[in-house]
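Structure 1 and structure 2 below are two forms of the same protein chain, each written out on its own as structure tokens.
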Structure 1
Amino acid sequence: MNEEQSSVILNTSSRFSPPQGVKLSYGTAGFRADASLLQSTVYRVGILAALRSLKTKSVIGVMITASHNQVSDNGVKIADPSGGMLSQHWEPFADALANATSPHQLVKLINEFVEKENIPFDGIRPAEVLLGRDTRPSGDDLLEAARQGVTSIIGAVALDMGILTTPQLHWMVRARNKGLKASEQDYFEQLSSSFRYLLDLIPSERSKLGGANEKLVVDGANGVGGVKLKALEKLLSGLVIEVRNSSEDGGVLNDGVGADYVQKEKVVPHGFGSKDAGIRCASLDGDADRLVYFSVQPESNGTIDLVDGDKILSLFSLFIREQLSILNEKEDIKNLHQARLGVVQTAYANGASTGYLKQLGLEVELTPTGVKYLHEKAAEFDIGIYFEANGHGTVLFSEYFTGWLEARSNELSSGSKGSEAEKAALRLLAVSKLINQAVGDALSGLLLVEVILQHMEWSIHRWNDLYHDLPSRQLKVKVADRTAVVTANAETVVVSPPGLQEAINEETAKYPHGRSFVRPSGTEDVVRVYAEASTQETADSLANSVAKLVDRFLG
């Protein structure tokens, strides 16, 4: 950087003093903390985003959100050129920027990184950054801090895209970098038109009035997703949605509502009760990147039948496998590409879901915990599907396979859907446009669930009966040094300390359908324990036994 650029950063950064005694780390969720601590960090992320834009010669995104956290928290994350998460290679630089103690140290760090990464300041292509925020009251001020960070890089442009869901911002970044239309209205139109197209491709002998056609009731977590879903519904036909707990309804964000609450507590969110028994319900999280379904049990005092991310993954896998089977069985498709379909999970996926997917003959891969690992592995397939039980996930289509599907679509005569194989190709192409290719998206995921249920003429109860989860339990064990636990094989095997894995194996073997693993937390000095078994009592017992082993080996 030249002296003028360094001077601008020195002057602007002096307005944003970092909080004393606070060390922040950029993880899968970006930076998150109490909103009062974040102005300096968000300003510095704005700088990072502008530098990332210069380095990649692409549009970058900055999203102000803390997702399912309480309303007093906030956070910031980067959307890379693909619409995905910030390159892991840049995460240490993000940490260093956030924790620099003075403007001079900040400038020194930036200068060193710019030289190391050979980031151009030639003015040929100025940095361009899209800014978005959710509905949190702190979002306005933090977005302004991000804007000032971006524009402290001379020539950089920051575009305020307004209040958005997190997936909308990621979608916009991806679209802009592909030279496509990228407004919020373009997002709504792509989703709604793809949904309608898939409805039109439902086999004619099916009534389209099956178990999935009654009203869907959606819990919006008192966040941004409810408002956006109401706007999207105006463009839809063939689906009736009632939205509760929208941000405009006056409730507190993520307080007794939302996908995280429903999935973990397995009870109805605020505003739902016995009157909703048997109805198909869904819940978004605060920034609408997670989705779970549920039905209220009759006379249950608020308990639910949860249909979580594992079940969503299974539904998507079943439908896509069916379309690929139709393609592979028919001989009237020219130049057929034998697509490789893969399913990606973490060790936290319920063992019953993994068993069901393998029974379908699907290729199932495990990765370490974290969306960045799941997304990266899914991208290795022609079609890669990943979901966590918490409801975050998506379906990725390779550019090669999407191109093949596009070519098939272009070959069809105008107004004709062609043979069954051609219809299958058209369905897959429509899925690739409906489901968000950048990141997990509750709104696009919800529409794909709904059209598949109509295609199969399934109720939520038929869907939930695909398999039955094994009872499980998660525990945390406080330890002096979590780094003493080192794992391998997607965190399913302990390699250090010696002997701990053998002890876990011996304990697990005592329980029917027993499975257990431990892993160090990424955020606090605890070791997380997960256990499954044939009954809740035995799952609890196994988890407690393994927790005692962790305490003994690390005590």
Structure 2
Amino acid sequence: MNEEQSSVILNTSSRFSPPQGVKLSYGTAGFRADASLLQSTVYRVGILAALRSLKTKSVIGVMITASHNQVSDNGVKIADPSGGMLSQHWEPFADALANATSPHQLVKLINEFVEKENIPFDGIRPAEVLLGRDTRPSGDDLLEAARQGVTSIIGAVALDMGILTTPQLHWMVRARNKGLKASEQDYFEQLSSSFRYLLDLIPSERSKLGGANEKLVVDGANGVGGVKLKALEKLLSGLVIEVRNSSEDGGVLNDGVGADYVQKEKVVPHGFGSKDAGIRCASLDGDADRLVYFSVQPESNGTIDLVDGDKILSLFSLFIREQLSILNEKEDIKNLHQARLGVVQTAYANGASTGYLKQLGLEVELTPTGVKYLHEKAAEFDIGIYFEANGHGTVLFSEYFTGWLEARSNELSSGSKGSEAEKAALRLLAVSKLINQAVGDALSGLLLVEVILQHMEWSIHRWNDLYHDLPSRQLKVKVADRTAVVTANAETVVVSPPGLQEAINEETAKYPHGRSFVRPSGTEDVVRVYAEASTQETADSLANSVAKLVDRFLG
């Protein structure tokens, strides 16, 4: 970095003082904190994004959101050139920048990093960063801080994309770097046209009058997702959606609403009740990257049948597996490629879902919590489907297999849909366009669920009956130092402190179908406890006993 560049950073950074006595960490989902603490962090992430753009010679994204957290929080995360999460290799640099105590220390750190990573400051290709934010009131000022961070790298361009869902911003970054059309309108058009295409490919003998055709009611978490879903719906036919809890309705973001609340509490969100009994309902989180479905139980006091990320994963797996087997059975297709399908879960996946997927004959992989791990694993397959139980997930298609599908689609004469095998290839190609391959996306996931239900002629109840969840319980334990818990084998085994795993094993063995594990949270200062058993009472009891063990070993 030359003198001029260093002095620009020194000058601008002096306007953004870091909060005193707070240690910030990039974590699994970027930086998150009370919004009042984040100005300097977001400014510095702006600098980092511009450097990442120079290094990768690609467009980078910065998203201002704290997802399902309370409205007074905010956060910032980076979308890498692929549209995925920031390379883990750069996370320690993000931490160091955020925690630099003075402008001079900041410039020193940047200089060292630029040298180590060989970041080109040759002006050949200026840095380009797309900025987006959710509906939080603090978003406007923080976006301005990010813009100042980006433009403190001389020549860098920051483009304000406005209020977006997190997955929309990731999608735009991916599309820009592939040289494709990348505006919000392009996003809506790609989703709606591939949805329509999949509807047209539903076998004509199916009545299209099954239970799935009744309206869908969506809880928008009082956030950005509801607004965007309404805009998308205008381009759709074949689906009636009623949106409740949209940001313009005046309710508080994520307060008694949204996918996180519905999945954790297993109760109806505000605005839903017994009048909705039996109707197909869905819930998005605050930035619309998580999706769960539910139906209100009749004459209940707000209890629901939850259809979580594991069941969305199962539905997608069934449909994709069916299309692959049609492809593989028929011999009338040229250059048949035996595609490898894999599914990826974490230890939080309900044991019944894992059992179900294995019984379908699928390869099931387990990774640690955090979508960056699931995404990486899913990318090893021709088609990799990943989901966290909380509703974050997507489907990835390898470049090779997408190319193969495209070639099949081009071979078809215009107007004709060809043989059964060719139709299956076209469906898979349309899924690859409908689903957001950059990151989990509640809107594109919702459209894929809807079209598959119509294809199968399934109601939400039929879908929910694929398998029955084992009763489970999640608890949080406050301990002195959560980093004292070290795990292995995709977080299923505790290796430190010594003796804790043996104690958990001994406890778990007392329960029929018992399973339990503990891990330090990556987003909160707690150790999480998960337990499953054959009844709700025993799952609760196992979780409580294991929480006591955590307390005894670490309290």
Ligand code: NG1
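Reference numbering: structure 1, starting with residue 1. We call the rigid core the largest set of C-alpha positions that still match within 1.5 Å between the two forms. The structure presented is a predicted model; accordingly, all values stated were derived computationally and were not measured.
Comparing the two isolated chains, structure 1 is the one taken from the form predicted on its own; structure 2 is not. Core-superposed comparison between the two structures: CA of A49 displaced by less than 2 Å. Comparing the forms between the two structures on their rigid core, the Cα displacement of Q39 stays under 2 Å. For I9, the Cα coordinates differ by under 2 angstroms between the two structures after the core has been superposed.
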